[in-house]
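This document starts with one chain, in the form predicted alone, laid out as structure tokens.
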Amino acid sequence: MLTLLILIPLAGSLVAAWLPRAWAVGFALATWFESLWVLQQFDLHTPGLQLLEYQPWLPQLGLNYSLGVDGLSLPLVLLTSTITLLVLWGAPLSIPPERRQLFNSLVLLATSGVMASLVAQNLLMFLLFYELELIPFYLLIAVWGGQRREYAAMKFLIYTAVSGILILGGFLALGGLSGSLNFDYAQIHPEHLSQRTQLLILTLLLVGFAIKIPLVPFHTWLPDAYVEAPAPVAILLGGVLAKLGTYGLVRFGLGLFPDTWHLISPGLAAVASLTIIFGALAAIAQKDIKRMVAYSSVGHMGYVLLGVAASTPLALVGAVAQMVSHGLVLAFLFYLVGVIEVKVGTRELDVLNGLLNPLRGLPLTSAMLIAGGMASAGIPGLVGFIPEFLIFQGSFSAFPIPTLLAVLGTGLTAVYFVILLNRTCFGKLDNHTSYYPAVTWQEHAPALVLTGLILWFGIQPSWLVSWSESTTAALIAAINL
């Protein structure tokens, strides 16, 4: 069952390179249905790994084909399949037709790599696919990006390659020092190592995953990559790829080093509050709405880190929910920014105005942009509220000052989205030049689907948090032993 999550998009990437776009959308739809099947077979009350698959691969190297899914990986599997489907569905808006088959193929190849990373239960297998998916993402930026696409793509590749090297060093140290030649997750027992050794290995892994997320001060590749990438690729970068960093932080940081976690958690909480405040202030200073959304992504990933650092039951389940919330909202905002760029021809705040005009503007796009800004700011009734509330409530007892700074960050989030919405949606259109092409319902469809998900999970947050409650409770129990 889990193998199909990898093989369907992989097969699709081969087929989509030669056949029309409908085939790529069909394979993405099949992957989405497969993820729903996994959800249907998944027992939400079982904390351990489920739907296990195992086959020796290169046992002499400790590399085995070991798959499994739990409450940590399942939400991200569903998020990945959903965003991939919407990206391929809405790609014609931003991607020229002459290279669209190659684009579709690379998107499905990247999805296969991300899926394999999320369900891999062997450390080397996780790292193998963690690195392999960089190739299609590099090409997606370098081929379809903006004027500085080569620079942005190379910077992305270098940073994420360094991330992989650090993680590889940590994994090899785990296997070598623990005396095991088997890198299966269940066979790694770092508790036998000295606390100092555990701390050194954990630091390597944390820095590696911090680059991927990214967290301050390792974030500098993100604005260039997100801004130069076309909107569909920016959606994949922020909504899917960045989640591998937070997933790895929980799975291989907190999950493998529960005894040592308390030593580094105060520092992580401080980095989280710094990331939140910096991301918000940097977003306020931007004139490009796409760059503003990119910096907002940096800040919102800090909430995830704060929840993971606190490691209380509420904070950790809120952190997992925030991963999904962030992916949906960021995909929503980047898609709408892409629509505005295509229809208006600019992303500059000093030029945009009056898009909410019902006759000559982009009224539905603007209305959804307002909803996206409210969701990102954590307004009750939308998907962003409950994850942030759980994180704040769960982390305050452990780290009161970083939590208060994070709450301040939500206020700053409201500030930069008010700036964006006020300058973009309101005001008067120029009577002579502002006759923007209409956005078709087909072009609106991906954003409308995301609107529905953002509203649904805001009204029914139990559907969001119930996926991970059992798994996160088991992780907290391991820390408190």
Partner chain sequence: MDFASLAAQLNAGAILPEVLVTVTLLGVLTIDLVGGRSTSRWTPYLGIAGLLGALGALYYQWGQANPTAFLGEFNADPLSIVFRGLVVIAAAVTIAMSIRYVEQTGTSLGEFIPILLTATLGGMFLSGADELVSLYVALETLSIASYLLTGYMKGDPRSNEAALKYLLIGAASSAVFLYGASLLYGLSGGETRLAAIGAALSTLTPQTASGAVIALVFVAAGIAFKISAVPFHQWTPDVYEGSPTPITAFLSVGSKAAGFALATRVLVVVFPSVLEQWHFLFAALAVLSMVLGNVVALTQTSMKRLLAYSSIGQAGFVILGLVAGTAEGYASMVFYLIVYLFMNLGAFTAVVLFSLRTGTDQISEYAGLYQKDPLLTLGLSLCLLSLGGIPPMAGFFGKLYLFWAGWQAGLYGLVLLGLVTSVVSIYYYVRVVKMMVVKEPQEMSEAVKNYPPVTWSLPGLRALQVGLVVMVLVTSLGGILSNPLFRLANSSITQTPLFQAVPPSIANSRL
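Positions refer to the first chain, counted from 1. Computed from a predicted model, the values in this text were never measured in an experiment.
Not on display, but discussed next: the form predicted together with its partner chain.
Heavy atoms within 4.5 Å of its partner chain in the predicted complex map, among the stretches 76 to 84, 120 to 128, 228 to 236, 332 to 340, onto 120 to 128 alone. Using a 4.5 Å cutoff between non-hydrogen atoms, G245 does not count as a contact of its partner chain in the predicted complex. Using a 4.5 angstroms threshold between heavy atoms, Q60 counts as touching its partner chain in the predicted complex. Residue contact with its partner chain in the predicted complex: V143 places a heavy atom within 4.5 Å of it.
None of the heavy atoms of R347 is located within 4.5 Å of its partner chain in the predicted complex. Just one of R196, K287, H189, R99 comes within 4.5 Å of its partner chain in the predicted complex, counting any heavy atom, and that one is R99. Residue L132 is the only one of A270, A367, L132, I264 with a heavy atom lying within 4.5 Å of its partner chain in the predicted complex. Along 136 to 158, these residues reach a heavy atom to within 4.5 Å of its partner chain in the predicted complex: Y138, L139, A142, V143, R149, E150, M154, L157, I158.
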